[in-house]
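In the form predicted on its own, a lone chain appears below as structure tokens.
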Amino acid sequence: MLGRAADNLFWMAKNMERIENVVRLLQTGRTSNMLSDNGSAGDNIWEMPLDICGQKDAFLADYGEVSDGRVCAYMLSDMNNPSSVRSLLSNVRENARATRHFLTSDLWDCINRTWLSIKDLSYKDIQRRSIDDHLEWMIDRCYMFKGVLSGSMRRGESLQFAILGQCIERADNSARLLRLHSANAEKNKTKQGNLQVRDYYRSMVLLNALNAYKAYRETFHSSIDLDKIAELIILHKEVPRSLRACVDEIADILRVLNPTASVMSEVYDLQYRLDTIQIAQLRRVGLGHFLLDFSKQMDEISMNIQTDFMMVQ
């Protein structure tokens, strides 16, 4: 496969995964917004989507005050924001159009119909139709994309590069979300080391945002605990959005594509680190430090994959 085609397929799925992550962050914000003391002590839940996407400075320059409506408008429909759902979906469609001959008709139709449904939607249109309904609809379309991708594409390089992009984005998002949440929760712990009521419920919201609430209950059978959340999201490979599950899948795909690629050594090192680390150790070295370092490693792996397979310098 030509490097340019692989790059388009990689970014098509990566951006579609990013869309789902953005929508889940907005759902998280709207759920957390119902907590009575949300936004107290300088802790504004609506800063989280901006921080994770790296768009806080740009947002403040254009919109000023951080509020639920302004953040939703910026993250859903603002074409000047490269991380908005509308901008990302435009990129997904362009990536797909450039590699149309590699895609099934069903997959192209899924992407194209989703784009046509939102390309002219303003934030006021979304408000009139219900923001929550729109977010649910976008999640459904993301699931449809993944279902059609895995259910209709031939098990060849095209599918492998798409899933590779999806896994890299998913791992990075899980690490960023867990890092920001744990930093806020640790800062607000009581003297006895317990979570405040607000952070307890936000922890449940976090698990729902990562599709891991049921997995947490089935695994630990206990009340919400930060260390156990970290263990689940970092180390449990049976949880789809865990760091370990994503890195394992990346390694499996790269072995199929080219087991001698130079990036394999970095992936194996990261796999070994996740296989041998324990949460108690992470607490000693700093959970936030580990997660930040993980995100940097994922960025390096992503760039090296593009260099090795897509001739991106």
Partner chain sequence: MLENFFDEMHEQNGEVREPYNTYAGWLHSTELEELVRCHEQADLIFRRVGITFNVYGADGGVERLIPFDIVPRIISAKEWDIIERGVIQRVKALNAFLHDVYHDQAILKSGLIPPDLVLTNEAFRPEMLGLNIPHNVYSHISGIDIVRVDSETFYVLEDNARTPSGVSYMLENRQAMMRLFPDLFAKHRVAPVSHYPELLLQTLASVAPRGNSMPTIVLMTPGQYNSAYFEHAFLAQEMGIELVEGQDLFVDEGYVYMRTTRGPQRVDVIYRRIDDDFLDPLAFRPDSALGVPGLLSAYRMGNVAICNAIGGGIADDKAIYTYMPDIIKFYLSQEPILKNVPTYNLRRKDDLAYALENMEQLVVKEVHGSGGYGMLVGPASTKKQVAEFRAKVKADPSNFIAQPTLCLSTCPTFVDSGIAPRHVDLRPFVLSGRETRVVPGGLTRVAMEKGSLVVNSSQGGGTKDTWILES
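Residue numbers count along the first chain shown, from 1. Keep in mind it's a predicted model, so treat the numbers as computed, not measured.
Not pictured, yet referred to below: the form predicted together with its partner chain.
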query: Site check A6, E94 and R113: each within 4.5 Å of its partner chain in the predicted complex by heavy atom; finding: yes
query: Contacting member of R129, R100, R154, H221, with respect to its partner chain in the predicted complex [4.5 Å, heavy atom]; finding: R100
query: Residue (of D109, E238, D133, D140) lying close to its partner chain in the predicted complex, criterion heavy atoms within 4.5 Å; finding: D109
query: Residue stretch of 22-30, 273-281, 250-258, 55-63 approaching its partner chain in the predicted complex, non-hydrogen atom distance within 4.5 Å; finding: 250-258
query: Interface membership of Y216, its partner chain in the predicted complex, 4.5 Å heavy atom rule; finding: no
